[in-house]
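To begin, one chain is listed below as structure tokens, in the form predicted alone.
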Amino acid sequence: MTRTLRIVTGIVLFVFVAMHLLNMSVGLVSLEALDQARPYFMLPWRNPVGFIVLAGSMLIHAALGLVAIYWRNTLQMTRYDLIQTVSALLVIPLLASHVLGVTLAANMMSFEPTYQRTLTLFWVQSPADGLRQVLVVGVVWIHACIGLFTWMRLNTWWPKVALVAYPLAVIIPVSALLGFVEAGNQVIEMSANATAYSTPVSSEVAAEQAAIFELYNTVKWSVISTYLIIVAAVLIARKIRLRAANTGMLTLSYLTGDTIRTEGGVSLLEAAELHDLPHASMCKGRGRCGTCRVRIMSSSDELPRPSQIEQQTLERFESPDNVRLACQLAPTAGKIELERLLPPDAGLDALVPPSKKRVPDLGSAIEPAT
């Protein structure tokens, strides 16, 4: 259930971000075209159902990410996992300003936050906000692509889809950035022309705008502070969980002759990666692909029982009781002798269960005796 929720909510958020970037790409045509295209790209989300799906996906996906951090046995990570984790943690602090700004503009200042008005803010009134917007788009896109591609590459149709997916992963954000710059140049020119004919703002309007801006800052920093407190609480709870586990030292001896000695509580896959021992794991430790399967030859201590995710994957590959997933098995201490069942460079054929692999028909290759 957790795995499905992570995938579904991630896809929803990816589609939203992709549509937002495609809309921004229209800025290459003109600023006017950018605003004209906006209702069509935002149509799925500008209704009660779409808004609930989008907001729910964002909250659920963020919550699942924090749960994953809580269950991590070590904060030492591979570069791949580090980029994915850091980008996820940065999304809410970077995105809070934009979401709150659009919401307050629409509900309190009684005007539609069009691209012309938004880009004027980013390029003329507050360039720092514009730079932050570019940064948040980059962070969100990198995080989304890593997650989506990790899931898609576990399917047999991935090699065909990859021919289109990889170019689009570059073309979409680059074209959006070019559209952002082109439309920004237009609003700068328009603002320069309008300045000569602008009229002073009345003291009442200025006071109202100042009050709204103060409210905006208060809400923004409240959201960011609450988020940081939640992240800190998750890290503290994780530390308490690990201390309660009473972990000792763990020794892993492989049939290849490699030996790893590390603190208990880390998964077998984490231990291998932290000690630069190549290990197959196409799903990057999510328990989905089964390519990290190991055969336990012996263990000095009783091993934890498989979780539901691990059990389902093992059953799919018709694995015996002494076979476990290295990404899911996290012994607390002891000595384990084990064998990696797949080479580190295992390909898509390793995702097919033994009973579903096609056995070549050799009958036609045997000529009848004469």
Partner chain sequence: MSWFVRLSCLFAACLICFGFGSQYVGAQSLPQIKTVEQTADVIGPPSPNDVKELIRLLDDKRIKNWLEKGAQNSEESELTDSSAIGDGLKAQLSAALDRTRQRARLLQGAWQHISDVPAHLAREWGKAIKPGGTVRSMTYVLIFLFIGGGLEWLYKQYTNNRLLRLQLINPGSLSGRVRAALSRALLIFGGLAVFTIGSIGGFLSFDWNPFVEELVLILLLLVLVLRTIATLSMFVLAPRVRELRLAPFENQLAKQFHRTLIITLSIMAISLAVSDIFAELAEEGNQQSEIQAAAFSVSILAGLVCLTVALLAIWRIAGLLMIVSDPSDEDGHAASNQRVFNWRLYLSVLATLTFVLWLFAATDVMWTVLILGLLPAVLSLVRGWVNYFFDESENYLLGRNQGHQLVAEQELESEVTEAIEAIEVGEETDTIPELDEHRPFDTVRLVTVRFLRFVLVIISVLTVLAAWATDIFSLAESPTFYGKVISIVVELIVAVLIADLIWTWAKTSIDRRLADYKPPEGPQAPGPEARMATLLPLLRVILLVTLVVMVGLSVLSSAGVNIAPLIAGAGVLGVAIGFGAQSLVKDIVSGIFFLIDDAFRVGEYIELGNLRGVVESMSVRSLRVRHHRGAVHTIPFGELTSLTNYSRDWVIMKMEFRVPFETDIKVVKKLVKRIGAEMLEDPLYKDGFLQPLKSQGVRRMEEFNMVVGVKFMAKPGEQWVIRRDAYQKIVNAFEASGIRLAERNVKVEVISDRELTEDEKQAAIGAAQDSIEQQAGPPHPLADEP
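It should be emphasised that the depicted structure is a prediction, and the values quoted were computed from it without experimental measurement. Positions refer to the first chain, counted from 1. Between two forms, the rigid core is the largest collection of C-alphas that superpose within 1.5 Å.
Below, we refer to the form predicted together with its partner chain, which is not included among the displayed structures.
Distance criterion of 4.5 Å from any heavy atom to its partner chain in the predicted complex singles out V174 from the list L82, V174, A207, I240. Exactly one listed residue, out of L228, V86, M190, V134, brings a non-hydrogen atom to within 4.5 Å of its partner chain in the predicted complex: V134.
Taken together, the three residues G138, P167 and V181 all lie with some non-hydrogen atom within 4.5 angstroms of its partner chain in the predicted complex. Listed stretches are 181-189, 89-97, 220-228, 291-299; the contact stretch with its partner chain in the predicted complex is 181-189, by a heavy atom cutoff of 4.5 Å. Its partner chain in the predicted complex is not approached by E214, whose heavy atoms all lie more than 4.5 angstroms from it. Contact check for P344: a non-hydrogen atom falls within 4.5 Å of its partner chain in the predicted complex. For M249, no non-hydrogen atom is located within 4.5 Å of its partner chain in the predicted complex, even though that partner is not displayed. When its partner chain is considered in the predicted complex, G130 lines it closely, a heavy atom lying within 4.5 Å.
Once both forms are fitted on their core, the CA shift for T120 between the shown form and the other one remains under 2 Å. Core-superposed comparison between the shown form and the other one: the CA of K160 stays below a 2 Å shift. Relative to the superposed core, D258 undergoes a Cα shift of 2 Å or more between the shown form and the other one.
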